[in-house]
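Just the one chain here, laid out as structure tokens, in the form predicted alone.
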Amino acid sequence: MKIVYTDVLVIGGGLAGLRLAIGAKRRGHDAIILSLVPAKRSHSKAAQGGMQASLGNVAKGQGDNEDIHFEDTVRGSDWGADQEVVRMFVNTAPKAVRELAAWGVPWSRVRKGDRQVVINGQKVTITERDEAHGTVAQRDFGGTKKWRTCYVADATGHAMITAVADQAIADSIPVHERKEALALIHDGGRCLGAVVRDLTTGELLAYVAKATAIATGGAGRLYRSTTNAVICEGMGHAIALETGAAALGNMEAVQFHPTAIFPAGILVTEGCRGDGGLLKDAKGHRFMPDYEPEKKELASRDVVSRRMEEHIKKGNGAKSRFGEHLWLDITLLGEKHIHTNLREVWDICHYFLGVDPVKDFIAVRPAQHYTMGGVRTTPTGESPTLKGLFAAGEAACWDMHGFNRLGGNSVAETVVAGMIVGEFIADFCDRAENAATVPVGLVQEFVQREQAKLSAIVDRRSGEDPSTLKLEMQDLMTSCVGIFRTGAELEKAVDGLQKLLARSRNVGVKSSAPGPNPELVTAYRVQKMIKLALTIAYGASVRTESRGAHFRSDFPRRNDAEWLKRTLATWKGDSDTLPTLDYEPLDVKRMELPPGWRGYGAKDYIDHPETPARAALVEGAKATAADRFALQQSLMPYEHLLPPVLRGRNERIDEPF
């Protein structure tokens, strides 16, 4: 049995994992990153549109600041977010953009003078200030009051992962590629590392660490149609769930992106609509103003996705041999803009649809895109129930997204959470009491247990087919746990998934190849994926309200009186067929922004009994505060939660130091 020792073990080689490791290493702690693929091929690379940070550089971003970004994010979350964490995030995001610029990210830049843009389907001339010339540019995105999404054309993730991975190389941080964590090593109260399978040789290894961080991204492959890469199967979520100690938060909160190309499901960025693109139906009618007259195509993603599906159900979809879809029209942006700022979109349309978006409409329909739920953590990024286990990025429920994420806040979260949680991991490792004193017998027990599971699958030649189970799971999730949900459909999903889970315990493979063995990989992953699917479906069936991306057609109102709380799911035993659900109330009396109307549809929600009093207190504070900083401090102090190195105000053209 080979044991690898390190201070910090980071599971996941995307932006969040890389930035975590860099933070720990620069504080003097050894870090190792495990990645299924080379780091620069991580799914972070696929981010197109940009990252949000309140810089206030462009003319349409003037006056932007942390307060406005905070309000947009909390409203976008449908009041499901941890408002202290949102404050930590919006304060650090401008610092992250500037750090990335220093590391070589070639942000698109402001050019002074007049420029032509498309707003609400009309060409408009705006004038950029002389003093903004050369600063980082921002584009419009859904659910925001200001243009604040910083971008590198439509290849933002590509540029970011390249720069951050190069920093990890410069800091001599090893990335162990083609390695998959199968289980977390723990004693019930303390996480001590992971059992890892080498995907090339099939060998099992043990990695022992003071601190273990999960940064494995999302779980989109639980669904049939998803914008996620094939490696986004939720394995980080699953190994945390299987400890029985760590909890997953808000797993029923699953986001569907409005504009995935149809039928392939590949994402075309929200930047298309942010730059002025329009959604149209089979007759060429621009329909979003009919539903959301204020924000139109740039309402929050959950809202746009629902409106699109409603419009199709009314008989307005364009028909094809693959099914019905709608159209995204970016032809009005012009050839130069598309080939400059949306060149990846042009490539996707050309190679996967055979169309030229300069002249042709793009066939689109919503597809699963983002997992708001994840490993529940405190503001420091640590699990409150399993010491030494941290999480960041899409794999975490930190929880800054609540029940709906704003576009541009995910790629921002990866680096911001990496910066913040990396410092707290270093603090954790600094403390002598957190030394990883691990009995070799415990490590051996976990390795032998995982080897026994793999051997049982390989030896069972006539068992259930793993690929069939996976497809049946994806079909259930897509048909019953999608954009619109009902009690009957969710009950069908839970029942069907429980049966699949029972069948998965008898899974077998035809190939016993000791090295690369995709069939074996599918077999042991599908067992974990079905458990995750159950946490989503079961959590959704119990939550009898609609909030953000979780929409119950049979309970269409948001119900703060009963459901202003975070779902916590744990999996207590190997023989269980359902997760155990618990709930964490959100404290209205400590909220800087009390629950209210999001700004979409009818003002139809059930208030929390403490909301009116808190809202009155907030309004009173606004009348007496000396400035926005004093007001914020009086309502919800948060700066003490940040690492000291990341505290302090952000400078802007309109807010110089």
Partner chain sequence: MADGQALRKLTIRILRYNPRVPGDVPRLQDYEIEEADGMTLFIALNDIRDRLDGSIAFDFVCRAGICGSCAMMIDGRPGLACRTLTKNLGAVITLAPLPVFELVADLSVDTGKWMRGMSERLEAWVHVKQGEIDLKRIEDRMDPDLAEEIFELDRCIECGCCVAGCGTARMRDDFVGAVGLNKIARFRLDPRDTRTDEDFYELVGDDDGVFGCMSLLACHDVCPKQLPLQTQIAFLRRKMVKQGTLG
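Note that the coordinates shown come from a computational prediction; the quantities given were computed from them, not determined experimentally. Residue numbers count along the first chain shown, from 1.
The same protein has a further form, the form predicted together with the partner chain, not shown here; the description that follows concerns it.
*Is T243 one of the residues lying within 4.5 Å of the partner chain in the model of the complex, judged by heavy atom distances?*
Close contact is absent here: in the model of the complex, T243 is far from the partner chain, nothing within 4.5 Å, heavy atoms only.
*Report whether the minimum heavy atom distance between A46 and the partner chain in the model of the complex is within 4.5 Å.*
Result yes; A46 sits at the interface with the partner chain in the model of the complex.
*Does any heavy atom of H640 come within 4.5 Å of a heavy atom of the partner chain in the model of the complex?*
Although the partner chain is absent here, H640 would stay clear of it in the model of the complex, with no heavy atoms inside 4.5 Å.
*Check whether Y583 has any heavy atom within 4.5 Å of a heavy atom of the partner chain in the model of the complex, and answer yes or no.*
Close contact is absent here: in the model of the complex, Y583 is far from the partner chain, nothing within 4.5 Å, heavy atoms only.
*Counting only non-hydrogen atoms, which stretch in 130 to 138, 486 to 494, 450 to 458, 235 to 243 is within 4.5 Å of the partner chain in the model of the complex?*
Residues of 130 to 138 come within 4.5 Å of the partner.
*For this chain shown on its own, do V124, C272 and D360 all sit within 4.5 Å of the partner chain in the model of the complex, going by heavy atoms?*
Verified in the model of the complex; spot residues all out of contact, no.
*Check each of V440, A435, I169, I119 and return the one that places a heavy atom within 4.5 angstroms of the partner chain in the model of the complex.*
For this set of options, the contacting one is I169.
*Given that the partner chain is left out here, which of S511, N506, Q444, S553 has a heavy atom within 4.5 Å of it in the model of the complex?*
It is S511 that has a heavy atom within 4.5 Å of the partner.
*For 216 to 231: residues with a non-hydrogen atom within 4.5 angstroms of the partner chain in the model of the complex?*
R221, T226, T227, N228, A229, V230, I231 sit within 4.5 Å of the partner.
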